[in-house]
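The form predicted alone is given below as one chain in structure tokens.
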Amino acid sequence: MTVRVRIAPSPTGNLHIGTARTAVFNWLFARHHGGKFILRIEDTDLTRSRPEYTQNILDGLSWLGLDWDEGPIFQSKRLELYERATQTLLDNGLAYLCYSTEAELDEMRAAQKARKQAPRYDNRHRNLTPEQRAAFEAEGRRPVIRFKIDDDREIVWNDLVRGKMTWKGSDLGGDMVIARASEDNAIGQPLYNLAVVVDDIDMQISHVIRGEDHIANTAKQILLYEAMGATVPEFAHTPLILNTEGRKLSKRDGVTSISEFQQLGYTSEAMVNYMTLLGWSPPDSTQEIFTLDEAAKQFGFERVNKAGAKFDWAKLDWLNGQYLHAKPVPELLEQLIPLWQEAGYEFDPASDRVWLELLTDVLRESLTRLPDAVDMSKMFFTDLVDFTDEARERIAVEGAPAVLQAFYDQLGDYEQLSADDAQQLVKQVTKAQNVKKGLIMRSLRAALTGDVNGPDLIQSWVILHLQGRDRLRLQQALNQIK
């Protein structure tokens, strides 16, 4: 059997991390088995679907590296397929027109609530006569189309994550609505359960991999597969992503869409790595960093947890830092340039390439998220700096002014300054001024950077010299002392 799986987001919002994690599991399963990963856009909700959300979904999946083999396939272009399927169910007596009004349904639910019963449709229009239907239509009622569910039926499937699952037909809420009627009472907009099953049959989906919140839908959909004479696919219901309080991650938790994570400065590699670990563990439980291709070789549902997966910001930050620290300097620089430009820093990406790459290399080991580089690098994009109070104290201590003056005088002899040159110059001034190296380094850092902490001093100094800013900073520090 050829494995064929799909991810089927609705373009009624941006790509949610839960949907993206489901896409990751589908992609991994397809690649592990040499199968197909299909992208379907479920946009039959015409009032809420937006093209900008569709684009956000496509961009998000592409950014994550989840390439699809077929699609995107849009449900809105397949309405005739759903209409034919609905008509077949009607013709075979497996579905019927229901004329119940909203007021009648509300009254029915209120009565059930008063009796402390679970809300369900009571199937009151399942066996209408032609005369009764004509009377309802004469009143101007517009019907929905309901699929018949046998309350005595037991629905059983072997879930790849949860094992044997059993549902009773009586627990599914009565006959379910599968389509609305149009203005002329013809078959209109298909609803989720019908469209999903018709699509999965047509696309020959072999495995349906989705969140555990779809389990009740699965029981209903199995009945539709059978009613249409189709082979029922295998199902795998993955754990939900939970917040720190153990509830389903939602918009109330703040950041939930992939584009928001991207804007926060997380890398695509860290995001897919982290999402893979949200509910699945590799055979080597100590392995935490891997590519999509590496994970695909090991992926299987026997290692997917049943329990919900708590979202851990600290773990994501750690993973992101690992990827940033390992990223090649030229590649990382290309990601930092837009952030520096957005911050208003002035530089030429072409002519300043040498010191920009040095700067990127200096910052790389300190980054957790990409935007961290903006504040860390601010001092490299200005001629002068703002001294912290501690820095002012450092450059004014006994011996510091003479040390800084010596550096200022000797740097005039250096057209270029390498790290070795800088180290040698420190030794020379230390010996000439007869002071400890600690005083030299502390004074120099405070003068060049305006702070007492920061990235590697020697490398920072080399960058500032390439920019022609190191003597400017020393002069500024000497003026502060005066």
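Just count from 1 along the sequence shown to find any residue number. All values reported here derive from a predicted model rather than from experimental measurement.
The next section is about a form of this same protein that is not shown, the form predicted in complex with a small molecule.
Problem set entry | Any non-hydrogen atom of E42 within 4.5 angstroms of the small molecule in the model of the complex | Although the small molecule is absent here, E42 would touch it in the model of the complex, with heavy atoms inside 4.5 Å.
Exercise. Can any non-hydrogen atom of V196 be found within 4.5 angstroms of the small molecule in the model of the complex?
Worked result: Residue-level check for V196: yes, a contact with the small molecule.
For this session: Flag H214 as yes or no: does it have a non-hydrogen atom within 4.5 angstroms of any non-hydrogen atom of the small molecule in the model of the complex?
Result: Yes, H214 is a contact residue.
For this session: Decide whether R210 counts as a contact residue for the small molecule in the model of the complex under a heavy atom distance cut-off of 4.5 Å.
Result: Answer yes; at least one heavy atom of R210 falls within 4.5 Å of the small molecule in the model of the complex.
Problem set entry | Contacting member of Y192, W340, Y99, F311, with respect to the small molecule in the model of the complex [4.5 Å, heavy atom] | If I apply the 4.5 Å criterion carefully, the residue I get is Y192.
Problem set entry | Selected contact from N14, Q467, Q459, S10, since only one has a non-hydrogen atom within 4.5 angstroms of the small molecule in the model of the complex | Contact check passes for S10.
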